[in-house]
Every structure is written in C-alpha cells, then in structure tokens.
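Take a look at this single chain in structure tokens; it is the form predicted on its own.
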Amino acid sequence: MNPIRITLAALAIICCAAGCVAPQTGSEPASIDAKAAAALSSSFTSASPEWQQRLVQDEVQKQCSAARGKLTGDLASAIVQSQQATLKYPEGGLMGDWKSGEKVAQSGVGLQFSDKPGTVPGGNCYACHQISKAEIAHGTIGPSLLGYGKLRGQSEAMQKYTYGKIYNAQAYMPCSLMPRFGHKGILNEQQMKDLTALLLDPASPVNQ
C-alpha cells in the first residue's frame, strides 16, 4: 500500500469516528477512493506545487494500488523490470562513512510542513527497522537490520544490491512499502553511500 492510500485510510477512519461517513452497503472501492482522493486533494489547495505533486501517483504506484495486495506474477515481473531500469550507481565506490550513515538513518526530518527552508532530509530508517542493539524503540514494518553485513559480507555484488535497494526498493521487491530514496530524490548519492556503509561495514553498530 502506498503512502497516499495509507493517508486516505486514515482520513476515512477519522470521518467514521466523527459520524460524517454513511455506512457502506456494497462494494464500491473505486467510488470511495475517488471521493477520498478528492477530499484529500481539496485540503492541499494552498500547498506548494511540490507538495501538491505528492498527491499524484506514478505508474507503479497506480499499479500497486489497483492490485490491492493481489499482485500477479506477470505484474510483479513487469514492475521489477521497469524499476531496475531506474537504478543509477555512483562512480568511485558504493560505500561511504557508516558514522554519517547512522546519522542519516536516525534522522526523521525532511519533506514535512514544519521543516525550515534548507532542511536536509533524513532516512527515518529507525521508524521501520531495528538498526542497533542499543535502540530503545524502533519500528517493525520492515525487518530487523541487525547483522545485515555480518550475514551477507561486503562483496561488490552485495554492495550493489544494498545501494540499489536503498535507491529503489521496488527494483527488487514489487510494491514494497520502502521509500524509493534515490528514485524520488529523497536522499542524495552520498547519503545513500553512507547508508550502504552503515549496513555493510563490520565496524558499524548494525554488525556488532
């Protein structure tokens, strides 16, 4: 499920609690989605063009929404193929500094209304993954990353896979909930290299 559908679902729950949505009697998901999308869009009329653009799904997001959790093999293969074509790798190595990567992973700022101009977006990785044993709280939407590099090693192929997964997770897992950090321009090249190091460097807390 993509972020827009999650937001729409949250709006629907709020409206139901307030008594402003009549009970649905049939199967009208398309109609309900259209009404919810219209309500969401109308609430962003004063937002910047960049924010309004976030309400527009790209082709892959549309396909994943339409699949509604029933992804066929053919569609999955098509999505992976199309997203593999978006991958762009940096020259001069794929691993940066794991210490900088840890800061990116633990930073949840960026792409929010409350951000000050010039705020550098973080990865917000802790919201979905466990990154170190010392963490008091972490998300569980994604798998724990503890021992990621210890289990997989640091081969060139693994570096490429790890960087690529950060760049665009759907190039490997169709309809993944993980943000496409590089493809959507959320993180820059150096940040993604640093995150790759965080996951693979033996000295990183991920691998302790």
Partner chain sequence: MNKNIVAAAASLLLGAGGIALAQDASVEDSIAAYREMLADDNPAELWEIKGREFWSKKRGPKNASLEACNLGLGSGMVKGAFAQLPRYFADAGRVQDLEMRLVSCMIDLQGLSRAEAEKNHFSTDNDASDIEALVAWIASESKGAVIAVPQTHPKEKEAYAIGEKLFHFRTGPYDFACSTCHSTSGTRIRLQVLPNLTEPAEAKPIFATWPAYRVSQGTVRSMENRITDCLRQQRMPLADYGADVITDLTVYMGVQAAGGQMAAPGLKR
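Nothing here was measured: the structure is a model prediction, and the numbers come from that model. Rigid core: the largest C-alpha set superposing within 1.5 Å between the two forms. Residue numbers count along the first chain shown, from 1.
What comes next is about the form predicted in complex with the partner chain, which is not displayed.
Practice item. Name the single residue among A78, L87, L71, V109 that comes within 4.5 Å of the partner chain in the predicted bound form, judging by heavy atoms. Key: It is V109.
Check your understanding: in the predicted bound form, does each residue in the set I32, G139 and Q170 place a non-hydrogen atom within 4.5 angstroms of the partner chain?
Key -> Heavy-atom distance to the partner chain in the predicted bound form: all three under 4.5 Å.
Review point. Does G164 reach the partner chain in the predicted bound form if we count a contact as any heavy atom within 4.5 Å?
Key: No, no contact at 4.5 Å.
Check your understanding: Does the 4.5 Å heavy atom contact test between S42 and the partner chain in the predicted bound form come out positive?
Key -> So S42 counts as contacting the partner chain.
Exercise for review: Answer for A36 alone: is it within 4.5 Å of the partner chain in the predicted bound form, judged on heavy atom distances?
Suggested key: Yes.
**Study point:** Any non-hydrogen atom of E135 within 4.5 angstroms of the partner chain in the predicted bound form
**Key:** E135: yes, in contact with the partner chain in the predicted bound form.
Point to revise | Within 4.5 Å of the partner chain in the predicted bound form: residues from 56-78 (heavy atom criterion) | key: Heavy-atom contacts to the partner chain in the predicted bound form: V56, Q57, Q61, C64, S65, R68.
Exercise for review: Would you say whether S48 is displaced between this form and the one not shown, judging by a C-alpha shift of 2 Å or more on the superposed rigid core?
Suggested key: Indeed, S48 is displaced by 2 Å or more.
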